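Next up is one chain by itself, shown in structure tokens, the form predicted alone.
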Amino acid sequence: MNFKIVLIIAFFLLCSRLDAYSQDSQDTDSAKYTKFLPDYVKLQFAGGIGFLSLGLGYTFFDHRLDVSFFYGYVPIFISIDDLHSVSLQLTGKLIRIKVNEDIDLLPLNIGFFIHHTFGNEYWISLPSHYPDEYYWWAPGRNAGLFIGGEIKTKLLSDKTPASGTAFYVRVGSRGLYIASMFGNSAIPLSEIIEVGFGVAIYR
């Protein structure tokens, strides 16, 4: 066989191999980066972490545990000032009932959250003008518990890349509120309860 023909065939085989390698590399890189994308985004109304809160997070243990990060906002017309906050939230989903092919019911979700509000009035370390141990709590950071439920549907899954849409409700309270109620029986339960509603879009 003519040596030039051999070189031409070898050249095209090499180019083909390099192209295949490049495609495989792109697919591998794409898969590598995709796994870091959040598993869902959330929009929540009220619930003790903001008037409106936008969140994202990841699921673990076959969707039995959610770890969510929220940015919350409280507008000035319902507060003394515009408030900004962040929250870290862990939610355990204890029961899952498959209603049909399109709907899962999760009637018992329990969770824990840590909430931080920004602003001079929301300090974390006791200001120097207060005597030591004047406050045992800090207005800028608190934690609490909640219980709730969720309905997960296939809504938007046929028209968007989302795998489904969920609607949830949560009822909770903060450790400070619970401790205050135990220390003062005149505080009604309704004063320490925080109710929130939200929607989550899963990828």
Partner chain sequence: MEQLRMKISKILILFALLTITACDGLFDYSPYVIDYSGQNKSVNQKNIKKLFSQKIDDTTIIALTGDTHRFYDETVDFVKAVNKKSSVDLVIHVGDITDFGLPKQYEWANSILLKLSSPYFVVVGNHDLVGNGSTAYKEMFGAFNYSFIYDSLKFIFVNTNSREFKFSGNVPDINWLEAQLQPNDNFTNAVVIFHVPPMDGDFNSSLEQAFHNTLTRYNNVLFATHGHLHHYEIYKPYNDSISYINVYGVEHRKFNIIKITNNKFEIETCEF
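Computed from a prediction, not measured in an experiment: that's the story for all the values here. Rigid core: the largest C-alpha set superposing within 1.5 Å between the two forms. Residue numbers count along the first chain shown, from 1.
Keep in mind that the form predicted in complex with the partner chain is missing from the display, and what follows is about it.
J.: Any chance P139 has a heavy atom within 4.5 Å of the partner chain in the model of the complex?
T.: Heavy-atom contact with the partner chain at 4.5 Å: present for P139.
J.: Report yes if any heavy atom of L106 sits within 4.5 Å of a heavy atom of the partner chain in the model of the complex; otherwise report no.
T.: Close contact is absent here: in the model of the complex, L106 is far from the partner chain, nothing within 4.5 Å, heavy atoms only.
J.: So in the model of the complex, is the partner chain close enough to F197 to count as touching (4.5 Å, heavy atoms)?
T.: F197 belongs to the contact set for the partner chain.
J.: Using 4.5 Å between non-hydrogen atoms, is H115 touching the partner chain in the model of the complex?
T.: So H115 counts as contacting the partner chain.
J.: Though the partner is not shown here, which residues of 60 to 86 have a heavy atom within 4.5 Å of the partner chain in the model of the complex?
T.: Contacts from 60 to 86: V74, I78, S79, I80, D81, L83.
J.: On a core-based superposition, does L126 travel 2 Å or more at its Cα between the shown form and the other one?
T.: Shift of 2 Å or more: yes.
J.: Hey, does F60 budge by 2 Å or more at the Cα between the shown form and the other one once the core is superposed?
T.: Stays below the 2 Å threshold, so no.
J.: Is F45 among the residues whose Cα moves by 2 Å or more between the shown form and the other one after superposition of the rigid core?
T.: No, F45 moves less than 2 Å.
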